[in-house]
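Only one chain is given next, in structure tokens, and it is the form predicted on its own.
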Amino acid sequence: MSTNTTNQPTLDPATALDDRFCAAIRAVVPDLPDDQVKAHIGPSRQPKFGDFQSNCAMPIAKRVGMKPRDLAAKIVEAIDVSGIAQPLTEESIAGPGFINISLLPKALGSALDAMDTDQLGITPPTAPKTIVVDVCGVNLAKQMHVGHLRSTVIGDAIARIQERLGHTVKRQSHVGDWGLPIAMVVEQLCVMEDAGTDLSSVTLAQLNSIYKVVQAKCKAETKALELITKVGGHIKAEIELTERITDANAAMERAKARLVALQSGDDRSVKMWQMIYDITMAACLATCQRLHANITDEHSAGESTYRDELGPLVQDLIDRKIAIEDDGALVVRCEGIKEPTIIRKRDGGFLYATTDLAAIKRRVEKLGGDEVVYCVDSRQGLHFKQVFAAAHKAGYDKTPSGKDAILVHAMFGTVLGEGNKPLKSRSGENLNLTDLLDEAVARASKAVAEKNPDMPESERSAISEAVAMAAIKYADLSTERIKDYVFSFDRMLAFEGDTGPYMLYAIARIKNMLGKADEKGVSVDAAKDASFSLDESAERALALMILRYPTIMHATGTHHEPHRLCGYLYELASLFAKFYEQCPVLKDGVEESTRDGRLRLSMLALRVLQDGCDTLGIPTVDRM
């Protein structure tokens, strides 16, 4: 089956050949089911026999009871590759039935010419979509930890990719800024202020500590008391435990009263909440900026913004008999899902599912989302399956035009540490993200200093920051989204292999080459109009990889999988390295036309590498 499902004009010869081969297969074997019509086009294992080879005859021949070479001969006879490749003949068939394909040099050059534009072959869609991306999602009074890395980095990359493809993207950072835990912190700050504490210089680290303290302070150890009562214990321990439970219950009651005051708009409570919000979000957005993630305050959509929508939403579900009572709670039952979606607890309280339903409703109805993508870890898989099904049953996923919006859980795995366990700090707590980034910069600075001992400190500092962020982001994005990965500074900061620094080095190398061309008096601007040099196998391999860029970008966007683009960029950088070694550009003796053609090919490779990194949100540098 053809891989060109984007309705975009393709410059990738492999995609064009795929279409031609699939048409020939259907002509030769008309009864073959569509899901078995596959061209199996891939790079030739031996370039001397061609640029591509198709292995389609082997699997199909087995299904239709033919010899692979006989089927290959029929496909070769039926296929039309005019304008793309040299005519196929019996000579094109090798081995048990491989079909070798040699592209027309003129076709390859024309495809590169067509791609050498500002858009790099990626044309805007005729019917752009509005795509809402749920990204980042922090909690008030808590520092960002390593668990926020993936939701921020992957979410931002998915948003950027859709923007690059020409769609309208609306980011939404679902901030946990409402509810009892926040009221606990507000209450504690009020107590501290009453005791004379100056809160004007409170930091997020301090709020984070207060959060932990109040959580423990309001937790009644009732199970421990039940155990002592049941099995017996020291009377003094029982008295102390009873007193702690009494204090915890009292603290919880004060927190609940503070929540009521906050919900009622009490000036002092709201002012304290706003202070917590401002401190938390300032730190969060600074970290996002440092990670080159396009997430700003305008993208924040806290749970507090939904508080007036939850009651009417639940009543709507009741009125339409979509929600039913179950053991005092209110639930929505959906076909195919065993567990019901609870939208209101027995005590009348709302849950995450209630807010998420309101969020879907807003994102589809008010923001006009044709597609809503949630970048949340895989442990929330059941939750989103329930919420998506409930939203569909309620019609909250219906767009203003009457179509069902596409709801996607772009789930991701966990960042692991030693022993393949979730990455934690030495104390066993979630690792602070800022500390992680600082450590990466320190290590990058050391590596850059070793390679460039004479580099000025100011320049080294900027390069080290870029290298560190590129290393961390690329390591995360290049991993298949659904998989866990082991966090390793040594691996991700390596300047060789499939790493961020290697990508930056490839870009810096091309920029350095262009700088040397200027020094030698070679006009880079003149080379922009030169004919591409495509005689050597390394030139052709690089050119073919460049032409795959639009296809890869569309596939990355369709599947919301940034690792596809990362893998492509690594292959492109690797092929440029081979081209650089095997095809001299500025060396004395190289003919002017060849030199300029290779310069133009290098510049096109540079633009694709930079565009790919920019799309992923990976910073680049001019030199390493």
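Note that the structure is predicted; figures quoted are calculated from it, not measured. Quick note: we count residues from 1 along the sequence shown, nothing fancier.
Separately, the form predicted together with the RNA exists; it is not shown, and the next lines address it.
Asker: Closest heavy atom of residue 498 to the RNA in the predicted bound form, within 4.5 Å or not?
Answerer: Residue 498: contacts the RNA in the predicted bound form.
Asker: So in the predicted bound form, does any heavy atom of residue 47 sit within 4.5 Å of the RNA?
Answerer: The answer is no: residue 47 has no heavy atom within 4.5 Å of the RNA.
Asker: Residue 277: heavy atom within 4.5 Å of the RNA in the predicted bound form?
Answerer: Result no; residue 277 lies far from the RNA in the predicted bound form.
Asker: Examine residue 448 and determine whether its closest non-hydrogen atom to the RNA in the predicted bound form is within 4.5 angstroms.
Answerer: Within the cut-off, so yes.
Asker: Select, from the options 512-520, 247-255, 192-200, 532-540, the stretch whose residues sit within 4.5 angstroms of the RNA in the predicted bound form by heavy atom distance.
Answerer: The contacting stretch is 512-520.
Asker: With the RNA left out of view, which of 266, 429, 480, 316 would have a heavy atom within 4.5 Å of it in the predicted bound form?
Answerer: Residue within 4.5 Å of the partner: 480.
Asker: Could you spot which one of 486, 270, 462, 205 gets a heavy atom to within 4.5 Å of the RNA in the predicted bound form?
Answerer: So the residue touching the RNA in the predicted bound form, by this definition, is 486.
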